[in-house]
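Taking the form predicted on its own, here's one chain by itself in structure tokens.
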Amino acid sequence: MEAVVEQSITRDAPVHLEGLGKEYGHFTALKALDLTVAQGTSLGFLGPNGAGKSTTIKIMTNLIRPSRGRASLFGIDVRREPTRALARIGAVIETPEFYGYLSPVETLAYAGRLRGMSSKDLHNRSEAVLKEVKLTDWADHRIQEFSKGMKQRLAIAQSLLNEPDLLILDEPTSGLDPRGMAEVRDVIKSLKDQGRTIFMSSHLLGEVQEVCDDVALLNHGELLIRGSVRELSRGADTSLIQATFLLSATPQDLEALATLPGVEEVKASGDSTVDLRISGGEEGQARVLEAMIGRGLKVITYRPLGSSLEQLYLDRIQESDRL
């Protein structure tokens, strides 16, 4: 009975992809992707440019057809019943384009009428979504005055008009300056805190770590890893550590460090600073620190260079590129 219930929950999940594949002639953009996103989850769909992220999202939103497999949203097959499947989603795909002579209020009114919304609902929802994306003060300004970041926030507002249960965002900060990126991320974090289900593609690991609970890593159209940000960070086997000593380490000290179990590389990066690549996760890091102290080295700082998740990301991408 439990297996039947679990299977039903999986099939009715906001996102359920089974054996999804796509070819463009002789080029395989997506191999056989299996992926499920549970209600209330914020998933970072991560991978380098050309990994197959946008192809997946375009299949999910019925912009292109898969070569095989199926994509279901809330248990509804996107290809067979696109209108029903897409009724509960909001999406921002690629760079949004707007009529520059319109204002946000006019743009939302136009989009709402296309969705069949009443004038009353349109008025109420327009006010609400513009407030959510912090564009209330710009509601009646011409969009041609807007920065890229403001346009991206307006695109998110438009996607929220129908109060979607699932929000699909394709590279939402692509092409933005640092300020615009920060503004868009703040909006996404606010939506996540409301408990919305979010499926967000990105090639920026730091962005995904900042706004997502779970990560799915894609490369060459193939899913490499899937799990929570916390679990994957803890489970990453290899890490880069920088150690700073009170006195400079001798060549003999460096040679001794290089022979320690788990130490894959030792490189002096300054008079009293050493960079180490260490395997074995957190336990491996602890063993190396104990060995340094055991040799009489006075360690001032011992810190990771980048996150362990970042190292896991790079390692898996490099492995995938070699295949």
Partner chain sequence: MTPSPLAQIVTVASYEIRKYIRGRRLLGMLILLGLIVGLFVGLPPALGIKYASTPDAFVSTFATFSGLLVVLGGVLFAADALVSEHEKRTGYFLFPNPVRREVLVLGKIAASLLVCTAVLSLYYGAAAIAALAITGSLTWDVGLSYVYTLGYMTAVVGVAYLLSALLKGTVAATVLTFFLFTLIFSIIGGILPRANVEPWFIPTSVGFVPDPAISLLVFAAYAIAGGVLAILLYRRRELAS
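Quick caveat: nothing in here was measured; it's all calculated off a predicted structure. Numbering follows the first chain given and starts at 1.
Just so you know, the form predicted together with its partner chain exists too; it's not on screen, but the next bit is about it.
Checklist line | Stretch in contact in the model of the complex with its partner chain, which is absent here, among 222 to 230, 197 to 205, 180 to 188, 104 to 112 (heavy atoms within 4.5 Å) | finding: Correct option: 104 to 112.
Notebook entry, point to check: So which of Asp193, Glu97, Glu145, Asp137 reaches within 4.5 angstroms of its partner chain in the model of the complex, heavy atom to heavy atom?
Noted result: After the contact test, the surviving option is Glu97.
Item checked: Option touching its partner chain, based on a heavy atom within 4.5 Å in the model of the complex, out of Thr28, Asn62, Ser269, Gln39 -> If I apply the 4.5 Å criterion carefully, the residue I get is Asn62.
Margin query: Test of understanding: in the model of the complex, would Lys22 fall inside 4.5 Å of its partner chain by heavy atoms?
Written below: Yes, Lys22 sits close enough to its partner chain in the model of the complex that at least one of its heavy atoms falls within 4.5 Å.
Check: Would Ser119 count as a contact of its partner chain in the model of the complex, using a 4.5 angstroms cut-off between non-hydrogen atoms?
Finding: Ser119: no contact with its partner chain in the model of the complex.
Notebook entry, point to check: Is Ser126 close enough to its partner chain in the model of the complex to count, meaning some heavy atom within 4.5 Å?
Noted result: Contact check for Ser126: no, nothing within 4.5 Å of its partner chain in the model of the complex.
Note to self: Would you classify Pro82 as touching its partner chain in the model of the complex, given a 4.5 Å non-hydrogen atom cut-off?
What the structure shows: Yes, contact at 4.5 Å.
Check: Going through 147 to 161 from first to last, which residues have a non-hydrogen atom within 4.5 Å of its partner chain in the model of the complex?
Finding: Residue within 4.5 Å: Gln158 only.
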